[in-house]
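Take a look at this single chain in structure tokens; it is the form predicted on its own.
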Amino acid sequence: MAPPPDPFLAEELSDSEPEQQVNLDDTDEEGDIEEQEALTCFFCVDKLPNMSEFIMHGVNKHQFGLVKTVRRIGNDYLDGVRLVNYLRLEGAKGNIPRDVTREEIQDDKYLQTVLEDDPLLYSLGDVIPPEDEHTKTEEEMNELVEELQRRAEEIKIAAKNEDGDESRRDKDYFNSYADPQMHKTMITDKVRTEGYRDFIYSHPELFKGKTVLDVGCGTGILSMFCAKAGAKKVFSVDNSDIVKTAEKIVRKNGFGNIIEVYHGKVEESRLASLIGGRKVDIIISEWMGYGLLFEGMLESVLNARDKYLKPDGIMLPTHCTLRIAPLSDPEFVDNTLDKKFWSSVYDFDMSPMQEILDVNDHDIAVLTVAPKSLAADSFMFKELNMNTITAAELQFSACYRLTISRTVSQLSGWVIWFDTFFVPPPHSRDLVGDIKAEEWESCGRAGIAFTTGPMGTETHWQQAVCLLEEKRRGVELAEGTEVEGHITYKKVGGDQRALEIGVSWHAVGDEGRLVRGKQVWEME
């Protein structure tokens, strides 16, 4: 039996002119079913298949009458665009403005699209009443669209909407994570994937009945580990198109009632509507980049922590530490730079080619270094406690001190890597201190730890290698020499995802000769 008609809906639909009635069966004049991209609600994350259901949803769930509102605003197409974007911005704030006037939306900032490629903007004709004199011709509509695009572009240059303006670099970054091969590389990194899995499966008591937020969920594998361990609800967030496939993976594995996938940035206000204003028990994320902080994803995780994590909630991983060691291996450097090949190509010196290689002496390289190539034991120069660290602390300068473990003919460069720790309560908020991941278990510590350094199993992160310029390498250092200096981590200009590493060093070399220097490398 069909449900009784909603009186609010009946009033809403009857308010339009006979020729303007919403087509509830969604067929065109020839009787064919129209195909339409889903329309996202103004005030929640629900997606509706067509305009009629969009209107009914607004009435039944939010007591909001779109048809009435549009008639009150008028029949100007640009005003309709302003109205849509105004309602989306208000909805993101948790507001439902039921008595919008035309005067309230006249600011041209509302011509800046809030929802990228918003299909609702192409459906405005279904609810905008016809003009008294005549319906706009196709030429007039094209002129309106061109005006809208021109004015929207002007606004985009002049201002940002509430969630920020996505840069070209950001788009490239998120698009790169839509590549299946990238996800295969990460998933098949057993050190990485099994590190997360083993901690989750060995501590089901932390997950049973709990709510989890997975930031940068990718294929959803960490979300499914959490669901399998007993999580009551998992919110999986990613701004890459990979989430479309992740949704299918989640349903195919029977977790559709536990895992809810959100396509967007974790910073977006609309995510709060999905979570429902609640705080989560656990935030899990595989945010680590080359040299730990390349790509700048940690800032998004910290934003989620500050906004969504309960005061006694758990961050996973709980800690990361950064380590540095000197590199001394002339043969490794020459082979890496293809020095022998480019120095004589059919009797021509093509050594300038080395300046434009992907691996060079001014950019941070991602390489696997053998333990024998290191000239000293590593030094832990930075600990990141995920419960307390702030975004401002991700740009820093730190001291280091090393003792050369073997006499070397040159200082070739610096090798940097990170260790990752999953520490269960009650010690998950304590500092881990200067302990190597590969020694964690043997020291009787609880939880899981893994290293991306030369002493461990190779990972897809490898190591961040900073090769010295050739003029700086020719320094002999005797066994037992103390080397100290500073290391800095910075953003590169206005690029929030790029990384700049600077290292200074100071030592007393052979025959009391003072050895000092500094150099900066970038990764973009």
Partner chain sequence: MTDSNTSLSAPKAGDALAGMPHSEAHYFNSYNHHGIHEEMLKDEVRTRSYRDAIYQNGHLFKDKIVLDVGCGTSILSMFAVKAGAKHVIGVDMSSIIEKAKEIVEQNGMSDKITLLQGKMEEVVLPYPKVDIIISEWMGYFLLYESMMDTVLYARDKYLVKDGLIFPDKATIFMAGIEDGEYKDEKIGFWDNVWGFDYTPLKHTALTEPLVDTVDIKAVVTDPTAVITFDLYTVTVADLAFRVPYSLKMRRDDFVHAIIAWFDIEFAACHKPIKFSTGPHTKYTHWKQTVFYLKDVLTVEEGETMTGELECKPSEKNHRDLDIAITYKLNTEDMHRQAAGEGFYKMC
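Positions refer to the first chain, counted from 1. For the two forms, the rigid core is made up of the largest set of C-alpha atoms that agree within 1.5 Å on superposition. Remember, predicted model here, so these are calculated numbers, not experimental data.
One more form of this protein should be noted, the form predicted together with the partner chain, which is absent from this view; the next part is about it.
Though the partner is left out of this view, D99 does not reach within 4.5 Å of the partner chain in the model of the complex, counting heavy atoms only. Looking at W342, you'd find a heavy atom of it within 4.5 angstroms of the partner chain in the model of the complex.
Among residues of the shown chain, P180 is one whose heavy atoms approach the partner chain to within 4.5 Å in the model of the complex.
The partner chain in the model of the complex comes within 4.5 Å of no heavy atom belonging to W287. Of the candidate stretches 330-338, 411-419, 261-269, 91-99, only 330-338 contains residues with a heavy atom within 4.5 Å of the partner chain in the model of the complex. Just one of A391, A398, A446, L357 comes within 4.5 Å of the partner chain in the model of the complex, counting any heavy atom, and that one is L357. Only one of R71, R197, K307, K233 lies close to the partner chain in the model of the complex, with a heavy atom inside 4.5 Å, and it is R197. Contacts with the partner chain in the model of the complex, taken as any heavy atom within 4.5 Å, map within 245-261 to T245, K248, I249, K252, N253, F255. After superposition on the rigid core, the Cα atom of V45 is displaced by 2 Å or more between the shown form and the other one. If you fit the rigid core between the shown form and the other one, you'll see the Cα of D358 move by less than 2 angstroms. A movement of the C-alpha atom of E116 reaching 2 angstroms or beyond is seen between the shown form and the other one when the two forms are aligned on their rigid core. In the model of the complex, the Cα-Cα separation between V237 and K47 grows by 3 Å or more relative to the displayed conformation. Three angstroms is the minimum change: in the model of the complex, the CA atoms of K47 and I283 sit farther apart than in this structure, by 3 Å or more.
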